[in-house]
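The form predicted alone is given below as one chain in C-alpha cells.
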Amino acid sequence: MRLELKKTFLSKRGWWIYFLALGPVAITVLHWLVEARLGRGAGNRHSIGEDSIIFAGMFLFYYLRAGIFFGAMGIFSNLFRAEMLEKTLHYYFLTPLRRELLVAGKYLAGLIVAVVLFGSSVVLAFLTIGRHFGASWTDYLLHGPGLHQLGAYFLVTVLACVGYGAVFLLSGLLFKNPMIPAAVVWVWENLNPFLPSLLKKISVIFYLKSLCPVEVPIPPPFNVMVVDADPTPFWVATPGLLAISLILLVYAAATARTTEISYSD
C-alpha cells in the first residue's frame, strides 16, 4: 500500500484528476471573493439557504455524477491496467505475496488518494461557498445545520469513492479498455432519475443521493419526467453500499488469483 500510495499520488497519468477535484473549490473561492468585493450589502441578493441549495446541486450534479465518478475511474482502473501498459505488473506477481493482499493494498491506496483529493475538495468548497456572509456563515456552521450537512457530504464522498473504486478496480482487471464499462455505468447512473422505482435501486447514485442532506429541486420540464421513489434510509444505504463493494472486491481478488500476464495482447 505504501508503494502504491506514492505511485498513485505522483502518477503522470492522473494529473487531470487534480483538476477535477480543484475545479469546484476554484468556483466557490471566486464566488467568495467576488461577493466580498461587492460589499456586505450586496450579500442580500441571496441567502445562506440559497447557497446551501447551490452547493447541494453542485455536489449532486458535479461531484457524484462527474467529478468523483471519473476521478475514481482514473485512479482505480489504472491500479492494474497501468502496470500492464508499463509492463511492470509481473514484478508484483513474482513476489511471495498473496494476490488477495495485492488487490487489497492497491485498493486501499487508491481509496486513500480518492478520499484525500475529493474529500478535501468537498470540505473546502462547502466552507468557502458562504464565507462572504462572515459571522452569519460561522453561526450557520457552528450553531446551525452547517456542520451536520458538511459531515453528511463528506460521508457520501467517502462512500462514493468506496463504491466506484470497487467497480473500477474490477473493471481494470477484467477489461483491456476500462473506458467501455465506465461509459456503460456512467450512462446508467445518469439515467437513474428517469428509471422505474425498481431499476433505480440497481445503481450506486440512488443510495448516495438518499444520504445527501439537502434535496435539490428539479426544474421544469425535467420534473415531469422524473420518477419519484422513496429514499433509502441511512441504516440500509450505508451497509448496502459497503456490502456491494466488498462483494466486488472479493471477486476482484478471485480474478487476480487466476490472472496471467501477457504483454503481447
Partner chain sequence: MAVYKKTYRPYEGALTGPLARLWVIPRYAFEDLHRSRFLNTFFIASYIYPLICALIIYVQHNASALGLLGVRGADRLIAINVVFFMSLLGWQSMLALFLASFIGPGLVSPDLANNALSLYLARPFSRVEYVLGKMSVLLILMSLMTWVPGMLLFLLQGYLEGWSWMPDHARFAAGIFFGAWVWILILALLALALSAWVKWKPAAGGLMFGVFFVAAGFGAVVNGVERTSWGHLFNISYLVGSVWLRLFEGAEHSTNGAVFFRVPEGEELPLWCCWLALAALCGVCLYMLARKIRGAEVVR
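Just so we're clear, the structure is a prediction, and the values are computed from it rather than from any experiment. Positions refer to the first chain, counted from 1.
Just so you know, the form predicted together with its partner chain exists too; it's not on screen, but the next bit is about it.
Taken together, the three residues 30, 70 and 129 all lie with some non-hydrogen atom within 4.5 angstroms of its partner chain in the predicted bound form. Residues placing heavy atoms within 4.5 Å of its partner chain in the predicted bound form fall in a single listed stretch, namely 174 to 182, out of 103 to 111, 156 to 164, 141 to 149, 174 to 182.
A single residue from the set 199, 54, 214, 36 has any heavy atom within 4.5 angstroms of its partner chain in the predicted bound form; that residue is 54.
For the options 85, 191, 124, 116, the residue carrying a heavy atom within 4.5 angstroms of its partner chain in the predicted bound form is 85. Using a 4.5 angstroms threshold between heavy atoms, residue 234 stays clear of its partner chain in the predicted bound form. In the predicted bound form, residue 253 stays away from its partner chain, with no heavy atom inside 4.5 Å. Contact check for residue 58: a heavy atom falls within 4.5 Å of its partner chain in the predicted bound form. For residue 14, no non-hydrogen atom is located within 4.5 Å of its partner chain in the predicted bound form, even though that partner is not displayed.
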